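Consider the single chain below, provided in structure tokens and representing the form predicted on its own.
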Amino acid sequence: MHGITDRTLVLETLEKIGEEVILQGWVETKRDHGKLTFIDLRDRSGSVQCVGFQMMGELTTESVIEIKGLVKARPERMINSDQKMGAVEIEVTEYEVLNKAKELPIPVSGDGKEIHEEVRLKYRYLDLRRPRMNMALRKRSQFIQALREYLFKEDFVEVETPMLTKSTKEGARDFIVPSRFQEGKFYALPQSPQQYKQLLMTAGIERYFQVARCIRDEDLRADRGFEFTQLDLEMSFVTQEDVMNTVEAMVKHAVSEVGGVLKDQSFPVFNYKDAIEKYGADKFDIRTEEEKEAGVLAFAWVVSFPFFKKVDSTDAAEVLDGKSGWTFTHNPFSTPIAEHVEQHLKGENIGDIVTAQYDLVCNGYEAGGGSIRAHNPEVLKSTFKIMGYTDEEIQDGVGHMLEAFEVGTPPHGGIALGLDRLAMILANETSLKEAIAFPMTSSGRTAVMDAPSPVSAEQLKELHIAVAASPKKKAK
């Protein structure tokens, strides 16, 4: 096998007519015509027709091969103008099978949407060979790169925050991780980097961002898994308008870089109450039918959210968070708008308190959410007191934040953009799973690997854990 320096990509052969090249890739299709065998060879740049005389007849589709051959211009009558590589073909002189493919468990031609989801995810490494899936991952990568470029230009610093942290109230159940060294104690996986990014503002970073993995033990829906990725950013010494303007400019830059078309160059702003009255929800689609068909992106802001809401008794996480019967609508670390700070501190007219929260919506989906944060310890304490927490519980849960707020934390605010959802919209897909490399199934099982799964008795013993039978099993 030849190395990378000898290899020519399929797309590069358009500039190498008359030259001998070495190509490596997958056998996309094979057609036998007597002594001639035609294959389409696919690599990351495209597919090209290759012709072998009295050779390649034994090849199987999706096998990995290397070929040496001459790049030839097709006769004019044979040019396929519908294909990018339709003007050339490769006359094969030598070839080597690098890995022979057996019969595939799922086809990799077509869009794959007719195949059951669990089967597609079990063989995701095959499913991702589809041009549609490959394109979605590439566009996602390009979009994230464009976001990064913009933020670096604006003097943001990319900082990684811990994956093993403390269990705190952020709106969903935590996934917990047992400590081998400290018996009976647990870490939590982060629902978001919310507290660490605020502590970075205390640290004087001023402008932070991170492409962050977030993990929440939420009740599953068809289009929601336990893991997701967000672009997380935070800024010091800013107003709500400053954050919104920065995010809007960043999104416009990144969308433009990947060829997206925007409905509005200036994103319209809706008051929460007006949005509910007009659309019946705080996420909505403002495109015309023609714009929907054309794949136009319509972003809009929603502002002036209520800080608190009555606990939904059917939502276990809300019941746990809102001990008083009140819970936060978005984020307990937000601050109320300036004119509502006094009633917030007094715990009066709770349902009327408005928070400095802003959501970004796109094409009927929530694309991101953020707020100006509490940087005053008394404001943060009041939020948890309104939700029914004692001073001791507040200290135990967010005492580290209160302490940081007493040593010179600047006013700050930020946002988290849902990259899975934005990647889905940019790829013109309707399922988050189509824009994620290895998403979970709708029943919460991992793709390809079989998890969750039992662990050995030795591992459990090391972690000081015993697994009890469930009441249902005991009853049997």
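This is a predicted model, so every value here is computed, not measured. The numbering used is simple: start at 1 and walk along the sequence shown.
The form predicted in complex with a small molecule is left out here; the points below concern that form.
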item: In the predicted bound form, the residue from Met424, Ile415, Ile39, Ile67 that sits within 4.5 Å of the small molecule by heavy atoms; value: Ile415
item: Residue (of Thr161, Ser236, Ser304, Gln230) lying close to the small molecule in the predicted bound form, criterion heavy atoms within 4.5 Å; value: Gln230
item: Segment that reaches the small molecule in the predicted bound form - one of 429 to 437, 30 to 38, 443 to 451, 415 to 423, heavy atoms within 4.5 Å; value: 415 to 423
item: Distance check, Ser192 to the small molecule in the predicted bound form, heavy atom within 4.5 Å; value: yes
item: Proximity of Thr355 to the small molecule in the predicted bound form, heavy atoms at 4.5 Å; value: no
item: Contact label in the predicted bound form: Gly370 to the small molecule, heavy atom within 4.5 Å; value: yes
item: Contact test in the predicted bound form: Gln240 vs the small molecule, heavy atoms, 4.5 Å; value: no
